[in-house]
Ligand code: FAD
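Only one chain is shown below, in structure tokens, and it's the form predicted on its own.
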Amino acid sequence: MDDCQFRTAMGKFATGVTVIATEVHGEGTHGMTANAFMSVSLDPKLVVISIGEKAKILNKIKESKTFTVNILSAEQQEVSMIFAGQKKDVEVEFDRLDGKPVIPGAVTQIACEVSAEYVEGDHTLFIGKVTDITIDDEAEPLIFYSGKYRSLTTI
């Protein structure tokens, strides 16, 4: 299989859309849109994110040893596009959760401390120990499938 075929096949898995954020002292807050996120363990509470070797945020997370996962709501497609680099010169305000930057209005905000990192292929997997969490039970998630934003429908 070629790279295009592999990417197309992986795009057939519907995912939520997240913004991964971190903050480096003296450099401010950095964020990146990502869908490579999952829970790992309930005891202890762990999640994993996957960051590409060319992503600007990679070394920021390595330095700060912290990150947040912000699961975006259906109304936050523009936020996703900003952190994906598709919209330029737009400022985003951050709230705080356990002293870490989070996106206001997200369905869920998860604050983490890096507990381990593993380089696999062209990505680094960061295992995050969850230190705090907020949930908006009223908001619907933003969905990404086959290269396009989607929303949930009840069947």
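Note that residue numbering begins at 1 and tracks the sequence as displayed. These figures come from a predicted structure and were not determined experimentally.
Another form, the form predicted together with this ligand, is not on view; read the next lines as being about it.
Undergrad: Taking Val40, Tyr118 and Lys129 together, does each of them reach this ligand in the model of the complex with some heavy atom inside 4.5 Å?
TA: Checking in the model of the complex: none of Val40, Tyr118 and Lys129 is within 4.5 Å of this ligand.
Undergrad: Contact with this ligand in the model of the complex for Thr108, defined as at least one heavy atom pair within 4.5 Å: yes or no?
TA: Taking the distances in the model of the complex, the answer for Thr108 is no, it never comes within 4.5 Å of this ligand.
Undergrad: At 4.5 Å between heavy atoms, is Lys62 in contact with this ligand in the model of the complex?
TA: No, Lys62 stays farther than 4.5 Å from this ligand in the model of the complex.
Undergrad: Should Lys45 be classed as touching this ligand in the model of the complex when contacts are defined as heavy atoms within 4.5 Å?
TA: No, no contact at 4.5 Å.
Undergrad: Is Ile57 a contact residue for this ligand in the model of the complex, using a 4.5 Å heavy atom cut-off?
TA: Output for Ile57 is yes: heavy atoms within 4.5 Å of this ligand.
Undergrad: Tell me, which of Leu97, Val114, Val92, Leu125 has a heavy atom within 4.5 angstroms of this ligand in the model of the complex?
TA: By the 4.5 Å heavy-atom cutoff, the listed residue in contact is Val92.
Undergrad: Could you list which residues of 30 to 48 come within 4.5 Å of this ligand in the model of the complex, counting heavy atoms only?
TA: His30, Gly31, Met32, Thr33, Ala34, Asn35, Ala36, in sequence order.
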